[in-house]
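Below sits a lone chain in structure tokens, taken as the form predicted alone.
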Amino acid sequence: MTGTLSVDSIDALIEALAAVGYEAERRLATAVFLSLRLQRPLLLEGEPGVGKTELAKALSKVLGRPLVRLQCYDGMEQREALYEWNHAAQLMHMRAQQNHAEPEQLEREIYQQKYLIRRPLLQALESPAPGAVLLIDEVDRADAPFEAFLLEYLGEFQVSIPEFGTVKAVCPPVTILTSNRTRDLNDAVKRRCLYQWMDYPDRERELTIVRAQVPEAGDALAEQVATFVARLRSAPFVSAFSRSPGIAESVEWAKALVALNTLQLDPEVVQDTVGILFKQREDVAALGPLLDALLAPADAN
């Protein structure tokens, strides 16, 4: 496989991802490995904050490929994903040549590649060896027509441009799609991808992540952070909140606690920093009555 590090096995991929700060469980690493080997897009679904986007970033580092990101949103159009024409430059050319060229010749001239503005899909397809890592982020935020537009790319790593014809990948991009599952994706999209559901990490893996990302926290504080967040996501506490904190929130919280020279979690410091874990007023209010139980020693639960 092409890359700056050897990823010729699942174990090697796990080690390579860990070396760039991403702790992948074996099932996820297997899905990524097969995506690379089979040259198939990989669709990652899961709650916000479980590490879907970060995986694409880490994979870019491991493989030594540039990361090209297509951030999806409601109302996204094809031209924002594939290409646009530089209309201002085309208009200037037309004005300069309007008295010196036939209409047919002028039309050919204004549709040259120098007037083409390449958007993420086209950038990824034209990326030279070893190719790019294309992140199609939060594809569930786009609409059904946009999903239909993606099918040619996902199935054949190519797109059709009316003025040029078919553009096929120089090197098939490593393609990661992410979805927070705000809606179900079309079956045609899913059939063209390998699939992996990503859940929140268990306490031990989260502890490993916090230790790796915030080494200055020390073992004792990292343990407390991992334990507290794991409890927040567990029954019966999880039902009290609109959503659970993600991995990114755990890491940021640990950094904030270090900045405050925290050695031991207590109700006061948790209340003072709760805005890092939760972003909804109702969730912040719901946390207060649960703090004693959340902070209780392990043998008290």
Ligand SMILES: Nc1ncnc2c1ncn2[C@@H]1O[C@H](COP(=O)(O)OP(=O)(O)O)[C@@H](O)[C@H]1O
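Note that the structure is a prediction, hence the values are computed from the model and not measured. Residue positions are given as counts along the sequence shown, with the first one as 1.
The protein also exists as the form predicted in complex with this ligand; that form is not presented, and the subsequent description refers to it.
Between 263-271, 59-67, 231-239, 44-52, the stretch whose residues reach within 4.5 angstroms of this ligand in the model of the complex through a non-hydrogen atom is 44-52.
Using a 4.5 angstroms limit between non-hydrogen atoms, I276 is distant from this ligand in the model of the complex. In the model of the complex, this ligand lies farther than 4.5 Å from every heavy atom of K190. Though the partner is left out of this view, I247 does reach within 4.5 Å of this ligand in the model of the complex, counting heavy atoms only.
Proximity of R211 to this ligand in the model of the complex: non-hydrogen atoms within 4.5 Å are absent; the residue sits far from the partner. Within 4.5 angstroms of this ligand in the model of the complex, the stretch 23-37 places a non-hydrogen atom from E23 alone.
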